[in-house]
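Only one chain is given next, in structure tokens, and it is the form predicted alone.
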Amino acid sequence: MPYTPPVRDYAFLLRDLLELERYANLPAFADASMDVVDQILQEAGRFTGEVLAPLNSVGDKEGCHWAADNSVTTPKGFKEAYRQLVDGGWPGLGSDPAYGGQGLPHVVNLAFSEMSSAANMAFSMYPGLTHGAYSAIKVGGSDAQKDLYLPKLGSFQWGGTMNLTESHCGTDLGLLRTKAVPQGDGTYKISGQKIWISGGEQDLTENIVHLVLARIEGAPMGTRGISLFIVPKFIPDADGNPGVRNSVKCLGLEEKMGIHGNATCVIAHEEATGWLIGEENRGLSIMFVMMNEARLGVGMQGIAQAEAAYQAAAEFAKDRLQGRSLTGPKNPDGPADPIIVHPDIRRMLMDARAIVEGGRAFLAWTALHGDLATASPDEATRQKGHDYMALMTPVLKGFLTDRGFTVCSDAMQVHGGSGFTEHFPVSQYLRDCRIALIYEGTNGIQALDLVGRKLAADGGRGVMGFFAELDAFVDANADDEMKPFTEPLGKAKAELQEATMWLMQNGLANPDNAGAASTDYLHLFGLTALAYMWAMMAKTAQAKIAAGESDPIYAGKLAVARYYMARVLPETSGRLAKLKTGAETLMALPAEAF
């Protein structure tokens, strides 16, 4: 079945739940009236559903092709779709108007990004990494660098990449060997090999701007000595157009499990000309701007692939005839009932709805706080936005990709043996989604980041603020109609707070306790956050129904909210029990016993 972009669900989130028009007095939201947003959502649905989705299977089956001249050809149809992407103005949706963008809130751009990723994950990675490069240069670049590169990157006329990983180091970037030698004229010669570079070579854009981590000769070892450089494929000439070819080469493509339509490259910098971004030895902090944006994007990818897989599974379950309902035939004139009548099929489909719609709300809610972190005139609101963006990033990346992959796996299970074949789309969703748990920092690293850095940041201000917000919501919504949602939320919040205190007490005494608890803590946090989203959505839906609204989306939200509270959220108790066991049993076997 074709993918159907969730246009109506985003309208619910932006209009009803987040009430975007409340912020119309802020300059950053002035052009984001719901009339405008509705038009954007409709056109985004059309473009992603009609242009990108049909190419998803093409990209998977055909893949990218590397030639001996170090060039890469993307799958059939990608160049034409990319041109439509650029001509449609989608690249500038959330970009700075000072550099040719439209300046809309990022929460609006999120909707297009999810639809694009669900329709064609491999394709959407090209513009996704470009926007990350744009953001890093915008934060750390000089005025001259911004003026030269941001209009080209913001329009997607040029592509962008991030060059971090080397064959001997991924997460531990302090081990990198790529070196930078100053030339005395403001440029550096960059030498080294990078691997797993998404979009490192392609035929979609006239230039590619590589952001490369390297160590300047004589710099300190470890992460303290890492600098960040702009290394373009073609060195811009005096007019800012692609000039002479830089000594950057794609040595080959990785053979991957999924995302075949995206070129994952081995890139060699052979005394390539580069320009320093920001200060020497401060490159990692600038690159983290790009990485954090990418991590939010990866969390979105988990939900996007889960949405597409859920849609395929639901359609299959309504069409596939197999067996009879336990309570009597529901299709008495047919040879069997559709499998959607079976409770276990419903369990998998309801789990998917609960995670996808709850996760989408969590992403949008966080993105709105990110917008307010820069757009609000109120200092407390800005601080809260910065706190939540930092705190929630590892949760969004780790929890939503873990659960998104589970949804894709369950969608395959709903298909039975058919799902394991390439005749149905769900196998591609499962293969494509799997990388999201790994890249931009594995989910284990996200969990360690959460418990090791984000909880304690600014004296725990972010997490304590979140706890206070949950308490205030529960206290303000203790009426009978809301109790089915606020009571489970209150219990989950109490368990999350207990887990947080346990980590504070036991993680300091033995760091392995924090490491052993980290993944369970991240999932406990994610489950609680989604409970808050579902409680807010339930309140919104109740108000709409009470006001006489007959749109079935509201009754559907209430039904899924009740399911989440009753069938998904109780997992928090098990997560709390597991993390409190500490590291003893986990670390008991000596390494040689494995």
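The model shown is predicted, which means the values in this text are computed figures rather than measured ones. Quick note: we count residues from 1 along the sequence shown, nothing fancier.
Although it is not shown, the form predicted together with a further copy of the same chain is what the next lines describe.
- [ ] Run the contact test on 327, 511 and 562 with a 4.5 Å heavy atom cut-off to a further copy of the same chain in the model of the complex and return yes or no.
- [x] Result yes, every residue of the spot touches a further copy of the same chain.
- [ ] Examine residue 288 and determine whether its closest non-hydrogen atom to a further copy of the same chain in the model of the complex is within 4.5 angstroms.
- [x] No - in the model of the complex, heavy atoms of residue 288 and a further copy of the same chain never come within 4.5 Å of each other.
Task: Interface membership of residue 280, a further copy of the same chain in the model of the complex, 4.5 Å heavy atom rule - done: Contact with a further copy of the same chain, no.
Task: Heavy atom of residue 255 within 4.5 Å of a further copy of the same chain in the model of the complex - done: Residue 255: contacts a further copy of the same chain in the model of the complex.
Task: Contact of residue 30 with a further copy of the same chain in the model of the complex (heavy atom, 4.5 Å) - done: Close contact is absent here: in the model of the complex, residue 30 is far from a further copy of the same chain, nothing within 4.5 Å, heavy atoms only.
TODO: Could you tell me which of 459 to 467, 211 to 219, 384 to 392, 416 to 424 sits within 4.5 Å of a further copy of the same chain in the model of the complex, going by non-hydrogen atoms?
DONE: The contacting stretch is 416 to 424.
Open item on the list: Under a 4.5 angstroms heavy atom criterion, identify the one residue in 284, 266, 350, 375 near a further copy of the same chain in the model of the complex.
Closed with: In short, 350.
- [ ] Could you check which residue among 77, 515, 91, 225 gets a heavy atom within 4.5 Å of a further copy of the same chain in the model of the complex?
- [x] Checking each option against a further copy of the same chain in the model of the complex, the one that comes within 4.5 Å is 515.
Task: Heavy atom within 4.5 Å of a further copy of the same chain in the model of the complex - qualifying residues of 171 to 185 - done: Residues within 4.5 Å: 171, 172, 175.
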